[in-house]
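This document starts with one chain, in the form predicted alone, laid out as structure tokens.
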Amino acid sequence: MIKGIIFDLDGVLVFTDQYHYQAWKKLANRLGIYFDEKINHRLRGVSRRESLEILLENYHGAPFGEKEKAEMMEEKNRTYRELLKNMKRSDIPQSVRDTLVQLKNLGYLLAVGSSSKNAGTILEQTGLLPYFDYISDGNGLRHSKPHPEVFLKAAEGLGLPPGECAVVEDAQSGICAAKAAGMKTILMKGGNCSESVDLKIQRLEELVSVIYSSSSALVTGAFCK
């Protein structure tokens, strides 16, 4: 029986790709590195450090030291946090809020499982924070997705065993992390994933009817595709 639902943040509940892109693009321009939206797409679901290494693949100068890389990541994050100030409650469709309320009314415990260290800021900016029983984010994590740590921490925060949790994701690294954690997987439409999953949904608002009516299917894996 699924008792807890863990949501990835970006691409599932909110959409901040444009802000990430603008922040990385600003850094790349300063360094004279080619960076476009196709490269930016590779950064989805991975840590800030891994994202920087992908960006630096197109840098052909002398290698950067660890201190310089740390400063670059902080520079990018400062830009990103400034851009996040543009986010507001109206950026989140009412249907998303209604879905979260309905799931809670049905008795599900809800958590966010995100590699982002800015998850708390985003949830506060958009007014989503009160809907969740636990937030597992990049602060304090030793490993990023596809390592299962972020989801295992979320399950622990909910007081549930991993097998009683389902994860809603839009990225392959997140699906792999959920599988490694021993959790059921739900993929949002538009997600970049070649892995098999337990369930697919077109829109987040489908989740209430689908997961409630298909709880036995999630247990048996009957919805794998």
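As the structure is a prediction and not an experimental result, all values here were calculated from the model. All residue numbers refer to positions in the sequence shown, first residue = 1.
Omitted from view is the form predicted in complex with a small molecule, to which the following refers.
**Message:** Even though the partner isn't displayed, in the predicted bound form is K153 close enough to the small molecule, meaning a heavy atom within 4.5 Å?
**Reply:** It does not: once the small molecule is placed as it appears in the predicted bound form, K153 has no heavy atom within 4.5 Å of it.
**Message:** With a cut-off of 4.5 Å between heavy atoms, is L43 one of the residues that contacts the small molecule in the predicted bound form?
**Reply:** Result yes; L43 sits at the interface with the small molecule in the predicted bound form.
**Asked** Can Y80 be called a contact residue for the small molecule in the predicted bound form at 4.5 Å between heavy atoms?
**Response** Taking the distances in the predicted bound form, the answer for Y80 is yes, it comes within 4.5 Å of the small molecule.
**Item:** Contact flag, K117 vs the small molecule in the predicted bound form, heavy atom cut 4.5 Å
**Value:** Yes, K117 is a contact residue.
**Which of 102-110, 72-80, 89-97, 127-135 lines the interface with the small molecule in the predicted bound form (heavy atom within 4.5 Å)** = Partner-contacting stretch among the options: 72-80.
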